[in-house]
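Before any questions on binding or motion, here is one chain by itself as structure tokens, the form predicted on its own.
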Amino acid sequence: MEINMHKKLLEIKNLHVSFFTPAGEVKAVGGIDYDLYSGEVMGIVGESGSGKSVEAYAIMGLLQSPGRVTGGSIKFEGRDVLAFTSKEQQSFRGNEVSMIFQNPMTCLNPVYTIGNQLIEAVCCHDVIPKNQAEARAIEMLTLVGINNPEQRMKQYPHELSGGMRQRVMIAMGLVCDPKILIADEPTTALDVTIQAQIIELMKEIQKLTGMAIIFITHNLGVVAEICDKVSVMYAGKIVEQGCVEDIFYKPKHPYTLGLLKSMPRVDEEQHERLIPIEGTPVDMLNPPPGCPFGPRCGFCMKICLRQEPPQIEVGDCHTAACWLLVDDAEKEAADAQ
């Protein structure tokens, strides 16, 4: 299959998402930008609460009240996703963009068989006879490596192992041939061996179909294995973005450095203690006025606590938002005021 790697599928510009709670506005996503091209795998990493899943739900139109998009744009092949009607949104989900959720046991309906749920996913988007939908479901189960797919179609979710349920979720996500697959921490609840199998499966399917993938995770080892580009999120913002090699070998943001230092490595000659990131995550109800990572940063300057840093280009398609990268940062801040 020939893949047009230069075709832009998704364009996110200055996206803001907030949750309006009785305690106040929680700015879960605070102005992020990225593009996704055909055949590309974009990794989105960061600790819990950084806004990784929220921006994915915004793309899919699955934000639950009291959350809503408050600014920015989401464009798919030039079309404004936020302006879709409910009918257009239903067609968009599944046919164009599909999502694998974090916990398959809570996403699969326990009172319906695997076959019923896969067939329903096909029939929601294509008007085809039930026997053709069933054949398509069996084909997908075979593609994701499930043995005896005809027998599995008759089973319920609780009768399958965790790895098998995750494979079913991947099959459900692929059953309508989407152009983009959003995988929201699909290996978190699995043991290491099954994780490796799921990652290898996704790599094979991605090469076979040519679809683009947004891979959301907090596991940098998984990012190195499957992704082409990486966006590092902290407190609802992208603090660093670049190709995998740049992020792992030439990181520029202190938060990215902290994530890498807290990750165990097998290539170290001597045993070294892992270095955790000190402090606690940002209170999104009352975020700090300057750099959100400033209170936890070992390189923090006065300006970091007063003003948010700009995105600085540090290489080809490699950017980071840090005052350390700005020459004469104090002077620039004074000029901007």
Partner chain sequence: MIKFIAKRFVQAAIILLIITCVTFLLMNLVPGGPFLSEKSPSPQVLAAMEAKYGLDKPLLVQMKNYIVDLVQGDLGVSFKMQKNRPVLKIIMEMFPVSAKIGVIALIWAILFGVPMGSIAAYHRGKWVDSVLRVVTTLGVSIPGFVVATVLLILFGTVWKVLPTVGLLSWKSYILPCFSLAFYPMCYIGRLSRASMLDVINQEYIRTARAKGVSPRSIIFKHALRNSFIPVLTYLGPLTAYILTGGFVVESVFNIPGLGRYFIQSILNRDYPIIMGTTIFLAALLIAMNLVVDILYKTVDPRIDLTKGGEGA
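Fair warning: this is a prediction, and the values are worked out from it, not measured in the lab. Positions refer to the first chain, counted from 1.
Here the subject shifts to the form predicted together with its partner chain, a form of this protein not shown in this document.
For residue 188, no non-hydrogen atom is located within 4.5 Å of its partner chain in the predicted complex, even though that partner is not displayed. Contact check for residue 67: no non-hydrogen atom falls within 4.5 Å of its partner chain in the predicted complex. Shown alone here, residue 192 lies farther than 4.5 Å from its partner chain in the predicted complex, counting heavy atoms only.
Its partner chain in the predicted complex comes within 4.5 Å of a heavy atom belonging to residue 124. Within 4.5 Å of its partner chain in the predicted complex, a heavy atom is found for none of 255, 307 and 325. Contact with its partner chain, judged by heavy atoms within 4.5 Å in the predicted complex, is confined among 57 to 65, 44 to 52, 281 to 289, 296 to 304 to 57 to 65. Between the options 108, 74, 160, 199, the residue in contact with its partner chain in the predicted complex by a heavy atom within 4.5 angstroms is 108. Though its partner chain is absent from this view, in the predicted complex it lies within 4.5 Å of a heavy atom of just one residue from 120, 228, 134, 225, which is 120. Shown without its partner, the chain has 156, 158, 169, 172 in segment 150 to 181 as residues with a non-hydrogen atom within 4.5 angstroms of its partner chain in the predicted complex.
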